[in-house]
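Read the single chain below, which is given as structure tokens and is the form predicted on its own.
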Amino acid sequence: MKIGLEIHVQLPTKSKLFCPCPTTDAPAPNTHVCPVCLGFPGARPMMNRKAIEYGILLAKMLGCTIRDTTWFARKIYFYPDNAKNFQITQYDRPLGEKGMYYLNGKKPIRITRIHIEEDPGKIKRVGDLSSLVDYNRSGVPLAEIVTEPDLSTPAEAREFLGQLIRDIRHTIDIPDDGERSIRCDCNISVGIERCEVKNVTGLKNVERALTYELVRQTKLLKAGGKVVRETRRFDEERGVTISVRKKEMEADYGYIDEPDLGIFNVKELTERLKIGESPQNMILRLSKEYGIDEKTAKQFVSTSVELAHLFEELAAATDTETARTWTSGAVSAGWKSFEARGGGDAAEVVSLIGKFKAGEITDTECNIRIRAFLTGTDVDEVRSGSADLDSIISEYLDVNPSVIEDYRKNERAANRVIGHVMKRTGGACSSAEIVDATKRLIEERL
């Protein structure tokens, strides 16, 4: 079995790829449109420089070769979501080619290409016989990332896509909202011929669509049938793929160079643009440099890259084990509240943990002050709530001492306590607070 993905990333520009229409959510259908994105006769496109910059940053992140010049082409196809009857995309000179991306830092996934193109409009089905078309999305800039068929299972494809999305969002700061989505075309072959499942959204749905196709194609081949090269769509409600049309070949699109845009020399721009450390590379570095397991490093980075940076500050100010323990516990528990309030300088956290390390305050007091700082709550209020929470947990542990021994063998034993406390508190405490307090009180008794 071979799986390859075509990932479409809506780039976070303020205006569309070839016109000044806004890319923000529109108040009504067909309101963020103009003669250019509707393809009126005589309307000429103008390149959005920011989209090229974003594309170059992604190409660098994917380890692609970026040539000095790039240009665009017209992809001819006739469909209601495409007002011009051609899509402006890149064909024979994409922005980046022949990249390499490593899944979990180990398995190489070859990147065929990354190119820039315009999004088509959006079709809404109305009943069985008619459709409505909204062109607000038409012309929104996309980066399309095409992989070689190097993925082996639907679960692996989901894991790869999740990792890639984290790295993409970090590289070009894409917001995680519905309209600026990341869509995926899934190509899968069990035998010789492959099928493509178009426009799948969500990691879970990618795995579901590929799993369904795996089973469908396998059964078809075992029954003596033949897999037909075709385009299919995924019905999320029923969890099945449905044939849409025969799969077009490249020659069917009649590509021609886009005459209104010309050639873009991107050498100087490519040399000037720099990318930072990707989340995945940060996970691998933290694990190697500080000797923490990859699961813990991934927890830090997935919560927030800034949290991972704070872990490094704490390790420098105290030691690795102290930094790991506090970052995994009280700091992680309050970090989302801290970010929701705008984030900022977390030097106070480093100072408090330094005082604990020096023996100036107890671990309980340090925990209370950290939570108060991160959540913006009065210290006395946190102290009162912590006392009640600690009392409930301690009471349960007194009655069920076997939890302590079970925890020595498997930390999941703490879930018994956590479930009990959540019921008792009835939502008065956050799950992060309960988990942190439970583990702290169990470990005090080990």
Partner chain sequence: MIETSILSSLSKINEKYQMFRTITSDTEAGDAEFLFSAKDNLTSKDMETCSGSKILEGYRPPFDATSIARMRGAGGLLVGKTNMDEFGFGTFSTNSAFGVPRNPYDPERSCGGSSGGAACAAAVMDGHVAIGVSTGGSICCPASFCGVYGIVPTYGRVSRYGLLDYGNSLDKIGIISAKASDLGKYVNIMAGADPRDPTSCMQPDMGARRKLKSVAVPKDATEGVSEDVRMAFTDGLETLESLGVDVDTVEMPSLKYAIPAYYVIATSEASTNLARYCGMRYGHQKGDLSLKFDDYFTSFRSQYFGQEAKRRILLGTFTRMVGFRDRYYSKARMVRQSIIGEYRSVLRECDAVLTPTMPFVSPKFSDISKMTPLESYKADILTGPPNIAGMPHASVPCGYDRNGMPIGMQLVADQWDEGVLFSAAEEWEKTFESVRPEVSI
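Numbering follows the first chain given and starts at 1. Given the structure is predicted, the values throughout are model-derived calculations rather than measurements.
Keep in mind that the form predicted together with its partner chain is missing from the display, and what follows is about it.
Of the candidates Gly239, Gly359, Pro80, Gly225, Pro80 is the one whose heavy atoms come within 4.5 Å of its partner chain in the predicted bound form; the others do not. Checked against its partner chain in the predicted bound form, the residues Asn199, Ser243, Ser351, Asn85 give one hit for a heavy atom within 4.5 Å, which is Asn85.
Per the 4.5 Å heavy atom criterion, its partner chain in the predicted bound form is contacted by stretch 252-260, the sole one of 252-260, 228-236, 332-340, 312-320. For Val133, a non-hydrogen atom is located within 4.5 Å of its partner chain in the predicted bound form, even though that partner is not displayed.
Gly63 falls outside the set of residues with a heavy atom inside 4.5 Å of its partner chain in the predicted bound form. At least one heavy atom of Asp92 is located within 4.5 Å of its partner chain in the predicted bound form.
The shortest heavy atom separation between Lys409 and its partner chain in the predicted bound form exceeds 4.5 Å.
Scanning 342-381 for heavy atoms within 4.5 Å of its partner chain in the predicted bound form gives no residues at all.
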